[in-house]
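Given next, in structure tokens, is a single chain: the form predicted alone.
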Amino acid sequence: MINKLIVWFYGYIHIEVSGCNISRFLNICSARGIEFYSVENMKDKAIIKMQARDFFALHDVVRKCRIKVKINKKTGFPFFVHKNRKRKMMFLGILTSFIMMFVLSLFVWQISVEGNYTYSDEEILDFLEENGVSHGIYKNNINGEELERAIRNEYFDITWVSVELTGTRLIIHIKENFNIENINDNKNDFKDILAKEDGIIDSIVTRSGTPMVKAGDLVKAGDVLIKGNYDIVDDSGTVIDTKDVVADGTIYELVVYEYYDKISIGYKNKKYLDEDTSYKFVIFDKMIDIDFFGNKNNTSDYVYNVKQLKLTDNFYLPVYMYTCTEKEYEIYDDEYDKSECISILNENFNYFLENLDEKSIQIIENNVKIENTDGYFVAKGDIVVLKEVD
């Protein structure tokens, strides 16, 4: 790509060489260091692509080989300038664009956070803004080491931070420590493991502390499952001391969830009619409207999308394009049939089960059933699950 740009900048020409000594012409040019980008041989002529500045060096070679040379095409920056030499405003516009791109490249126009899970992008971006780092900041005013240190000091469970400045983009790379215990739960005033829901203990393995329940016990929310201490006894079994520890163990509990969902047979449906799209540009926080909707229609849905413009992956511009799509509709009364109602309820229930599965909650028993009652289809019942007490 760079080589092509250099060739275009210096300019190149396509010449047509005809005669009986084309091969000799090419050999002499090669011996004299005259380079060709490409040579296309034909029956009695050749089409050659070469640098424009080397063309005048062909005079002696052409005379010696007694051939004819004709310029077919001129391409490149010098010919572009010559062709448009009277269009001063165009060149002024090009020069102004280059100056603007250079000035814009001195600032940060896009800040992103990568590697965060516990903390949202907005939370970290707000913290950066409080520390003077925001969109539009001069790149030389960013001290990477100080910024990394400030983030680590503010967020105790962020163990590694790297500030990357590339183009007009500032990227905050972070790593969070997921192996540390919850600090709030490990304070001296809270060492016990408590039941968070009513249920039946399925199994319990104690690693630290004293177990207060056993498999098969019925517990209520708030009951102590593992107490944060253990007794020290002598040879006779007499308790001589009690030591406080942070309770630790693996406990599985059987819990009953009540499930309820209903859907009406009759409902209001939408029939979409026309669709129209308008655009809104934000430049340096200044709004420019292009055919934007002045009055919102109560019978239309609006879909918004925002995109920050960029020249390359890392050269963002302070220009945002908002797209608004208006979908006009009319409302009419409609009804679900039995199969549609059952399908919707089953889809909702499967989504509920998928959420449980994502939390590693195992379904032990499913007693949910679908009934038709007074113009509604109802899915209700209970679900017995096996879950780990965390």
Partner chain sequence: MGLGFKITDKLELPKDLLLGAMNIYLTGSYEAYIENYKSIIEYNDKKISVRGKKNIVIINGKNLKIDNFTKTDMVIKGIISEVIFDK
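Residue numbers count along the first chain shown, from 1. Because the structure is predicted, anything quoted here is derived from the model rather than measured.
A second form of this protein, the form predicted together with the partner chain, is not displayed here; the remarks below concern that form.
Put simply, of Asn348, Asn355, Thr323, Ser38 only one has a heavy atom within 4.5 Å of the partner chain in the predicted complex, and it is Ser38. Listed residues Val69, Ala57, Leu26, Ile364 were compared with the partner chain in the predicted complex; Leu26 is the one with a heavy atom within 4.5 Å. In the predicted complex, the partner chain sits beyond 4.5 Å of every heavy atom of Ser343.
In the predicted complex, Ala31 approaches the partner chain with a heavy atom inside 4.5 Å. Contacts between 52 to 84 and the partner chain, taken as any heavy atom within 4.5 Å in the predicted complex, involve no residue at all.
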